[in-house]
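Below sits a lone chain in structure tokens, taken as the form predicted on its own.
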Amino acid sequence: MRYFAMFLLTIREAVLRGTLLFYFVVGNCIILFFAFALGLSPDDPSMITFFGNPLTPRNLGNINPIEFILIQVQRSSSSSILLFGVFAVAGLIPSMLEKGTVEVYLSKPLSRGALLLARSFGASAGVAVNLLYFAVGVWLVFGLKLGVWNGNFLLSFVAVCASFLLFFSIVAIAGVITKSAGFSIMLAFLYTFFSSALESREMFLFKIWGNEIYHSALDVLYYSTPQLSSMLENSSRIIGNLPIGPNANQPFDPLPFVYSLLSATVLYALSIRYFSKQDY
């Protein structure tokens, strides 16, 4: 019960952060935009209209235009929540460790491990609240306006929320060690590019140097850290096939989530161990 109370307190603190409130406002604007813009032609119910102008048939060869739009909405919102979400919640762990504050938290009848996990999971849940609210809003618009109730669209956002929780293990260990929100944010952003580069290591990084030890080291880094880029890409595949890009028409692959769960578990465990050993 005490853990749950700390978890709820952290969610409330995360949601009330100005950055997430800004994302909430932007999300509502996007939902309203689609609500006013999208419709079906009264003369041809198979034709999507955009502000009353015919856009495209609902099925076009191998591409489903509605799925394509939903995938683009999902991918862009997933990318933006990394930006806004990390800015909003990366400071929750360093702020807990500030002198005068950490003593208050440690005086509570919670183990240090439970306290750190409550803060980490609560921070991620605060981001998830915004994401799922946006997803449900867009889902209702497409259902009510176009008659398309795509449950996979909602499921894809659940996968994105899980991806953020696993990704947050990087932010958590950086916050515990450095006690700096700024460093945690910078590391998180660097890692988003790093993860994408590792995902494409065979096409780019391997070609920099042909040394086998170097290649093995990159493989170890890839599998020992959360595979953020791959998780987000596979989250989009839950909706439907990605019609464009180097990995177009590839099926959903759960393995990046499995590997990321294992690596994030290790990172959270290391964070707890380091936090437990410190004298505040």
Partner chain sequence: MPIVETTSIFKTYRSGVFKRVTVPALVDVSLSVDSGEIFGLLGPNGAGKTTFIKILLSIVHPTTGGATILGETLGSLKIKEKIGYLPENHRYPQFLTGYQTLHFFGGLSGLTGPALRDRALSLLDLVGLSEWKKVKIKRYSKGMLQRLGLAQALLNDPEILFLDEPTDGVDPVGRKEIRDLLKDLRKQGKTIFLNSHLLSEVEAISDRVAILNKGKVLKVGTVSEITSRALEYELRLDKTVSESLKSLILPHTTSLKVEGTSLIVGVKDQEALNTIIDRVRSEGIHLAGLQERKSTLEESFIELIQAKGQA
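On a predicted model such as this, the values are computed, not experimentally measured, just so you know. Residue numbers count along the first chain shown, from 1.
Another form exists, predicted together with its partner chain; not displayed. Remarks below refer to it.
This chain is displayed alone, yet in the model of the complex one of 269, 258, 25, 9 has a heavy atom within 4.5 Å of its partner chain; that residue is 9.
107 is the sole member of 107, 72, 200, 79 with a non-hydrogen atom within 4.5 Å of its partner chain in the model of the complex. Proximity of residue 179 to its partner chain in the model of the complex: non-hydrogen atoms within 4.5 Å are absent; the residue sits far from the partner. In the model of the complex, at least one heavy atom of residue 112 sits within 4.5 Å of its partner chain. Of the heavy atoms in residue 207, none are within 4.5 Å of its partner chain in the model of the complex.
Note that among 155-163, 139-147, 124-132, 92-100, the stretch whose heavy atoms approach its partner chain to within 4.5 Å in the model of the complex is 92-100.
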